[in-house]
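Presented below, as structure tokens, is a lone chain in the form predicted alone.
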């Protein structure tokens, strides 16, 4: 089984996000970077599936600045076997251009007899919240697709995928080859080991500079939401605070007086 996992370099959660002066990009001078938790689960699932099948190849792909090679090395360190870097000038590409570049890689690999049975994505980008790329890739390749996946098993020439629905868990049988977007909670990603990191340094990353497809949506500007100040009111300490807690619950309508 051959699996392609697409990841994106994003600011690590917990850091304070500020914008550049023109409001068109994130000021990354004081930020560390990673991939989203959804994509970490996609990487882990690809490694597990190939290990369980007894053979195959796992490829990790990213589109971004030269520094994004660090995220490819992290994926290689946990067991991915092949890496492709679509190098850009660092500017964020729109979903249409990003999907077109990924489709080009899948088709080029197929032309060389290296077809990907599964193309995995995180359900949405951790920085922009964009969720269009997996669907655009599936449509361009004319492959079945499913988003929000939180369970995955390969059954012969199809996959049994599960996701949370409004009325309970939904189960789908998706024929291969397919495109799936997975969510955090699909598995528990492993941490890179020191031997894994040493092996990752020896893997040659295939780097190309794709031509950006024009015609997609144009971003006007970014906006950081206003911070809301949290207020804390101490009701009391020990048993003496119990009446105040009851009064508070009654005022909120959570208990009947």
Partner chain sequence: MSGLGAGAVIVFVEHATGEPAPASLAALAVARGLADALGAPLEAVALGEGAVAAASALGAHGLGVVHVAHDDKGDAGRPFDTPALPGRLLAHLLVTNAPRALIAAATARGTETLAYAAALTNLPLAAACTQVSAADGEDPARALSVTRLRWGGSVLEEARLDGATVLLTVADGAGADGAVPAPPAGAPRIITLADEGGQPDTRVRLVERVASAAGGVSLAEARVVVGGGRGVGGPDAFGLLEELAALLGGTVGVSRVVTGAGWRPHSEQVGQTGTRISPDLYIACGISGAIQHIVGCRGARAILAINTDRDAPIMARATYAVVGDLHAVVPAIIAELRRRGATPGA
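Residue numbers count along the first chain shown, from 1. In this text the structure is predicted, and so the values were computed from the model without any measurement. Here the rigid core means the biggest group of C-alpha atoms that line up within 1.5 Å when the two forms are laid on top of each other.
Another form, the form predicted in complex with the partner chain, is not on view; read the next lines as being about it.
Residue contact check for residue 232: one or more of its heavy atoms lie within 4.5 Å of the partner chain in the predicted complex. Although the partner is absent here, residue 115 is not a contact residue: none of its heavy atoms lies within 4.5 angstroms of the partner chain in the predicted complex.
Within this chain, residue 203 is remote from the site of the partner chain in the predicted complex, having no heavy atom within 4.5 Å. Mapping the unseen interface onto this chain, residue 173 counts among the residues with a heavy atom inside 4.5 Å of the partner chain in the predicted complex. Within 4.5 Å of the partner chain in the predicted complex, a heavy atom is found for every one of 242, 247 and 253. Contact residues in stretch 130-164 (any heavy atom within 4.5 Å of the partner chain, taken in the predicted complex) are 130, 131, 132, 135, 136, 139, 142, 143, 144, 145, 146, 147, 150, 160, 163. With the core held fixed, the Cα of residue 232 is displaced between the shown form and the other one by 2 Å or more.
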